[in-house]
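First comes one chain, alone, set out as structure tokens in the form predicted alone.
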């Protein structure tokens, strides 16, 4: 599904990302972990063609992301609140995304109803603009918006940050349910090792722009990663 070939990103002579080869097959729940500056967000930004690689490339479903937009119809992502449209209400934003992805109002309403608990009564019908919501509630909107139109690739950067424990629990269930669909590939990055391991069947750890661990999730994964990052 996703293939990385000799990918490198350099700023002012400093290499911030250097991945030789990486493959993420269709249906995988992929967790990306690492400290600040590890290159997680840079990788996602390259995967979404938000920045240009200094060398190498990424293909999604055999489409080179920086050469064609053919990957966009089946890909959804939420990296941060800059993905939102601040002057819209949540409802207006959801319907706007729905239109982009060929969904009618009834389709979107059905999805919102399905995830009503995730919103915890704080998002819909409040007559607030997105810019006036808390960081956590903005994140809730961004995450659910990625589900509109049943995308085949979903990318979430730090989805557990700024969420209360109950919402984190509900989000983990959403991600696990998505992971059960072998047609859906999920990429999640987080500083929280335990949360990421819980929702991923594969973990890649990065350090200073390079992959240092690539392991299948098991009962020993958390201990292994804690020992690595404790050094």
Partner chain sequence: MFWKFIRLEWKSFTRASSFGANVVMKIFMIIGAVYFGALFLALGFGSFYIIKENMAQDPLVVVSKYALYYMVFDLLMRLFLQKIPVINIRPLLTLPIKRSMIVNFALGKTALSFFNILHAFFFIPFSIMLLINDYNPVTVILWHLGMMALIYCNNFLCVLMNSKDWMFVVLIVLLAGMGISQYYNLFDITNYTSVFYYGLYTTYYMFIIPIALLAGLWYVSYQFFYKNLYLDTGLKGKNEIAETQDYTWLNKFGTLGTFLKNDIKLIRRNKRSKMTIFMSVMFLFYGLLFMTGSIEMYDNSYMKIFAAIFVTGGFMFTFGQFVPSWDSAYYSLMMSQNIQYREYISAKWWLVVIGTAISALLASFYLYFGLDTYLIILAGAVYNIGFNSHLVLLGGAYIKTPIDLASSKQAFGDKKAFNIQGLLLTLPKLVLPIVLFLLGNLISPMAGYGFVAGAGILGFAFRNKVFSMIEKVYKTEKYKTLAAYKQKN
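Positions refer to the first chain, counted from 1. From a predicted model like this one, the values you see are computed outputs, not experimental measurements.
One more form of this protein should be noted, the form predicted together with its partner chain, which is absent from this view; the next part is about it.
Visitor: Residue-level contact is defined here as any heavy atom of the residue lying within 4.5 Å of its partner chain in the model of the complex; does residue 28 satisfy this criterion?
Guide: No, residue 28 stays farther than 4.5 Å from its partner chain in the model of the complex.
Visitor: Although its partner chain is absent from this view, report whether residue 92 comes within 4.5 Å of it in the model of the complex, heavy atoms only.
Guide: Judged by the heavy-atom cut-off of 4.5 Å, residue 92 is in contact with its partner chain in the model of the complex.
Visitor: Please determine whether residue 135 contacts its partner chain in the model of the complex, using a 4.5 Å cut-off between heavy atoms.
Guide: Although its partner chain is absent here, residue 135 would stay clear of it in the model of the complex, with no heavy atoms inside 4.5 Å.
Visitor: Using 4.5 Å between non-hydrogen atoms, is residue 198 touching its partner chain in the model of the complex?
Guide: Contact check for residue 198: no, nothing within 4.5 Å of its partner chain in the model of the complex.
Visitor: Which is the contacting stretch out of 186 to 194, 66 to 74, 172 to 180, 159 to 167, given heavy atoms within 4.5 Å of its partner chain in the model of the complex?
Guide: Partner-contacting stretch among the options: 66 to 74.
Visitor: Ok, 84, 112, 154, 143: which has a heavy atom sitting within 4.5 Å of its partner chain in the model of the complex?
Guide: Of 84, 112, 154, 143, the residue with a heavy atom within 4.5 Å of its partner chain in the model of the complex is 84.
Visitor: Heavy atom within 4.5 Å of its partner chain in the model of the complex: which residues of 26 to 55 meet that condition, in order?
Guide: Going through 26 to 55 in order - heavy atoms within 4.5 Å of its partner chain in the model of the complex - the hits are 48, 49, 50, 51, 52.
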